[in-house]
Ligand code: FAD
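There is one chain below, alone, in structure tokens, taken in the form predicted on its own.
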């Protein structure tokens, strides 16, 4: 099986952040991932930042996949963005519904769901882009039920997605069950696990509470017990995530997608521990 390994960045907001990301990218590029991805802020709030970061990575000769979300965007603006990426020679897209900026009640845009975005990309660009979509092993926090969430996932895939990347998780059984149920519904695309290194407990807890990714109780309590001891948090986090990745790969996961948070150290160490290819 040909596995896919990828690293995710967010567009930096300051010149200092941009310089730091260049250094991080150089470290991670040495691992020769299949691609880097660059996130897209709520309601398109980082649209130009995302585009500029993607173009910088692309000009360096590195494979890159911009995120595109449809919430808060018009069809015309999405098509224009797709044309800019296609003209530049970008060949992969991460297609997402996305979130409205906090406090936004209107302006949802002309497309409400990710399957509509995938359909638009295929209608406008044919097979030019390899399209990744999102999957939620512990189910999307806004889904009315697990069954509905699975149906929505399969709908995105059938609209023309080539593969999927999951929200991060720490429960391998949840991922295995999600994949099994998706296959039962006829979904055969690779579903790549999203991996979040553990380096900052307060930040991780905040992210997890917002996106519905569960931190197992024993892990949360252990991390909380370390207080401000960053080295202990890092060491324990590396052990937990290494074992998770080892199990996922042993069970046949089609790759790993690392949420780097624009940091290199933890991801590089996980890569080394797992003995992944360079």
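Residue numbers count along the first chain shown, from 1. Only a predicted model underlies this, so the values are computations on that prediction, with no experimental measurement involved.
Although it is not shown, the form predicted in complex with the named molecule is what the next lines describe.
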**Asked** Can any non-hydrogen atom of residue 85 be found within 4.5 angstroms of the named molecule in the predicted bound form?
**Response** no
**Prompt:** Is residue 134 one of the residues lying within 4.5 Å of the named molecule in the predicted bound form, judged by heavy atom distances?
**Reply:** yes
**Item:** Any non-hydrogen atom of residue 99 within 4.5 angstroms of the named molecule in the predicted bound form
**Value:** yes
**Message:** Under a 4.5 Å heavy atom criterion, is residue 63 part of the interface with the named molecule in the predicted bound form?
**Reply:** no
**Asked** Which of these residues, 179, 114, 161, 195, gets a heavy atom within 4.5 Å of the named molecule in the predicted bound form?
**Response** 114
**Prompt:** Going by heavy atoms within 4.5 Å, which of 197-205, 120-128, 180-188, 162-170 lines up against the named molecule in the predicted bound form?
**Reply:** 162-170
**Complete:** When the named molecule is considered in the predicted bound form, the residues of 2-30 having a heavy atom within 4.5 Å of it are 8
